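Before any questions on binding or motion, here is one chain by itself as structure tokens, the form predicted on its own.
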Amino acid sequence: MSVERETFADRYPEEAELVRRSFLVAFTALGLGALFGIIQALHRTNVLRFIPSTDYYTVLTAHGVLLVIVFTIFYLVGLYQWAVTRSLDRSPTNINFTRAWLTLMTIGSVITGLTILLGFVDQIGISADVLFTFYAPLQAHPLFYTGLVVFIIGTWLAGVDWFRTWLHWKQDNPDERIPLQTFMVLTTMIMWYVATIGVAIAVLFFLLPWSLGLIETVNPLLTRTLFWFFGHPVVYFWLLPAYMLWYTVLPKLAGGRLFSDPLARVVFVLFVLLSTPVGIHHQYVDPGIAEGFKFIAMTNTMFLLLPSLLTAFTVVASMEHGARQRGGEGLFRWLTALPWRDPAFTGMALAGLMFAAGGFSGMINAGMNINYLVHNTIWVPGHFHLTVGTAVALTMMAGTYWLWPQLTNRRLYSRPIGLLQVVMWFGGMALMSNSMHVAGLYGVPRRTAEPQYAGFDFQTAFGSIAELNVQLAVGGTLLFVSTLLFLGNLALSLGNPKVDGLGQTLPEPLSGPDDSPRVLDNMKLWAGIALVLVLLAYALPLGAIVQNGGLFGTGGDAYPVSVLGRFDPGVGLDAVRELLGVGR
């Protein structure tokens, strides 16, 4: 077999096995999260209700945590492990260390996931109905926070592993530029280390001790602000793996080469610098934060449009180059020369198109005055179903169609099913997110099982609330079916025989790393500037919050109150027996 056709699994079998393990956890979470998603969509629209509305928050929490934490981040670590190993052409310094952080992440996810799911059994007394945004006054069982701590430590160690691998490579190649994919991994992890400072402080010093009963109260505004310190940059932690696939794999699928390696490096550095000092734009309606700080956060947020616009230019230029290599001509006719029958290409291209729409609704969220109109309405989940739910999730699924044969040495079971799946996802999300955005403009709330608005004459620009509900229910159903097609296609692929020669190479960019200034590779410089910008953006607001409300707040009850002392093993055992129908 020629080196060019050698797969990643041929060259790095142990690393390929670890990538498959991380993808297995990611796709298990995707299936469960999709199940909870369809339950929500049908319950909220009153199409099919088989759970009590009191369990809606449990369903909502499971949907959010499983999809935006477990699915996305396990996919990220699998993809990044592949990218570092492939681009440095080097195994990890100690693969047992790699296994250790992946195991830690898995244990943390299981603890947190089970804590959420136990909320369906009231008698056990363990619950975590706190949503993905788990700040006070909502309180979860201590196991929820413990699982999160274990999970985040695992991600930190993953970054340590990748930095160690790069440093050893650098010793052997002192004059070489950092390969682009490794550069993307390292900058993403710098952003992650900076961003998780806020959530680590919130969980370790406030939420976990509070849920254990070690402290009586917390300052809700402080924990909320620390959460959004992390809560906005985590969006880019989800997004940057998609960017990696758009920059390094999509041009090859289009038949061409990346337009500019230097522009890609600039984009990732901008995310390191700009992604964290903006979180207060999620708190425009919060009392206790001065308007001036909110205005600064809004201004910083608008700067984040720059890396997104640079990405749109670079990726579209790369696709056009590929199309013209395939014979495409004309101002727009080159689009027809692209490989639209390839599910990997079509999925990524449609994801990018939807991301553009998500960018426009994101600009509305970021503007102070317009945000007041849509804040806490279903417009907001409409926005992040475009960004995380489509740009990220659809790109990850499409990328898997390209990567899976190289991790398993087996062909994909069905490319036509894959193509149907990505198109169905795009159509389902278009319907669902459109209905969410329009309903949000009319004030329909988010995070509720009962948004009926009975007795109101509710006229929309294009129809009725009932029609919007139909769009939401149909869109959610299409997304659920699309998820089943994706998971089924991968599962059936494992039944294909192993074959040789499925390896793929990534072409060099048109403008390579030597065209970019070497200062872009200075990781210490960008990490230092990022910390200074965070300090400038957050020192005064956090100081004012503590000065006005105290470090631990001024009192107030948590909801629901769930501490270890509430758990009665006998009651829990009775509840399990009741569920299983044993001993009746």
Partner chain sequence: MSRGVPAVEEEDGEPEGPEQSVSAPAMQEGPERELSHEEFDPKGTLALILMYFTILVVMWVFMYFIEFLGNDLVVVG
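None of the values given here were measured: they were computed from a predicted structure. Residue numbers count along the first chain shown, from 1.
This protein has a second form, the form predicted in complex with its partner chain, left out of what is shown; the following refers to that one.
Note that among 282 to 290, 196 to 204, 363 to 371, 143 to 151, the stretch whose heavy atoms approach its partner chain to within 4.5 Å in the predicted complex is 363 to 371. Checking L167, I417, L114, V316 against its partner chain in the predicted complex, a heavy atom within 4.5 Å turns up for just one residue: V316. For the candidate set F237, F384, Y247, W379, a heavy atom within 4.5 Å of its partner chain in the predicted complex is found for exactly one residue, namely W379. For L441, a non-hydrogen atom is located within 4.5 Å of its partner chain in the predicted complex, even though that partner is not displayed. When contacts are judged by a 4.5 Å heavy atom cut-off, S91 counts as touching its partner chain in the predicted complex.
Of the heavy atoms in D514, none are within 4.5 Å of its partner chain in the predicted complex. Among heavy atoms of F259, some come within 4.5 Å of its partner chain in the predicted complex.
Looking at 270 to 287, no residue comes within 4.5 Å of its partner chain in the predicted complex, counting any heavy atom.
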